[in-house]
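Below sits a lone chain in structure tokens, taken as the form predicted on its own.
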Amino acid sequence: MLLDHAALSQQLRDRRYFADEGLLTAIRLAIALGRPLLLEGEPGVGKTQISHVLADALGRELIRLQCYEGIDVAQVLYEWDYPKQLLSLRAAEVSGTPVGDLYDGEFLLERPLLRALRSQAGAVLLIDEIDRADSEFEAFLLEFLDGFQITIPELSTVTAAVPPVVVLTSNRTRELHDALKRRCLYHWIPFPEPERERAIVEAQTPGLSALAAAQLVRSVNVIRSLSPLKRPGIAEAIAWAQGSLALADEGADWTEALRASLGLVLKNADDGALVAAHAVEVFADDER
């Protein structure tokens, strides 16, 4: 059954996340069909944040698995607490009592995937930056997503009582395998249109006027159009707004505050030089 479109949109807005129609539809379909939701897009457009907001809206625990090169199965499924097992063994030897089962559940350390399966109320499982993981890990993940179950040889097979809502994010540092994409509902999150970006910036920056937000969003979009090495995302726009507002509250002119806090939106010297060369265009004040 599909979640109500208007209700979901309002729940996200109440949590200061302004999803467009495409993302709302993707979320509703992924949950209704029990499919993982694969989100791609530029860094800083809200791919990771939607999982936090969605978990809160659904009343579910958020479990995050941060991917990186070299991540292995033990780090994401479970491990045995060997120091605790050794202490239990030594305690039995000292007391002269029989050694209990060293592979009992009390010695099991749950990692994100096992935690997601064991969550009694269901969880939102965020598999963040899957493109940073190795292909071998991606292949393992296919098996997990197919049945939402894992086998612990010393114990039993664990199957999800309530299948988790799975969100995968990728910044496209490498192409994901087609097999993984086929199992997911895919959605690309673009940069928001100016009106929605203004609403986001204003919601995340209390005290910011609509006119100031409009100038900042215009400046951000001009910077993006210059094709810098790193195009600023929504996260950078919010940080720029918050930093500039702090300077403006001390008495700085808004345009000067934007110039002074450029380090919040530009992340390398080449982009700084590019913006400096187009300063008149970037900091034009035609909306105020």
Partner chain sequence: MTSVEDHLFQFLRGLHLEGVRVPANKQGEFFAGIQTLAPSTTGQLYWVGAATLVTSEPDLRAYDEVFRRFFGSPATLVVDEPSAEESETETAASEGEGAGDALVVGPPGGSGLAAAHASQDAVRRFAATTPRAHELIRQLCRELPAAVPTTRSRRHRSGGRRQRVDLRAIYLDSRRTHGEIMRLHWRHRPTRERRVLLLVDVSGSMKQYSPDYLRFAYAVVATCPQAEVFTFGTRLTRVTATLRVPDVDAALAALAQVVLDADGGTLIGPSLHAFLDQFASMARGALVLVLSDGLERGDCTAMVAAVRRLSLLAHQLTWWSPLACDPDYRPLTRGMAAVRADLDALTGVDDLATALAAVRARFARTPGKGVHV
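Numbering follows the first chain given and starts at 1. For clarity, every value in this text was computed on a predicted model and none was experimentally measured.
Just so you know, the form predicted together with its partner chain exists too; it's not on screen, but the next bit is about it.
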Candidate site Glu69, Arg90 and Glu175: all three near its partner chain in the predicted bound form by heavy atom within 4.5 Å: yes
Contact stretch among 210 to 218, 122 to 130, 166 to 174, 109 to 117 - heavy atom within 4.5 Å of its partner chain in the predicted bound form: 166 to 174
Considering its partner chain in the predicted bound form, which of Val162, Leu155, Leu86, Ala139 comes within 4.5 Å of it through any heavy atom? Leu86
Residue among Leu229, Ala260, Leu226, Ala246 with a heavy atom within 4.5 Å of its partner chain in the predicted bound form: Leu229
Should Asp104 be classed as touching its partner chain in the predicted bound form when contacts are defined as heavy atoms within 4.5 Å? no
Is the gap between Arg198 and its partner chain in the predicted bound form 4.5 Å or less for some heavy atom pair? no
Its partner chain contact in the predicted bound form: Arg28, any heavy atom under 4.5 Å: yes
Residue contact check: Arg60 to its partner chain in the predicted bound form, 4.5 Å heavy atom: no
Let me know which residues along 231 to 262 have a heavy atom within 4.5 Å of its partner chain in the predicted bound form, or say none if there are none. none
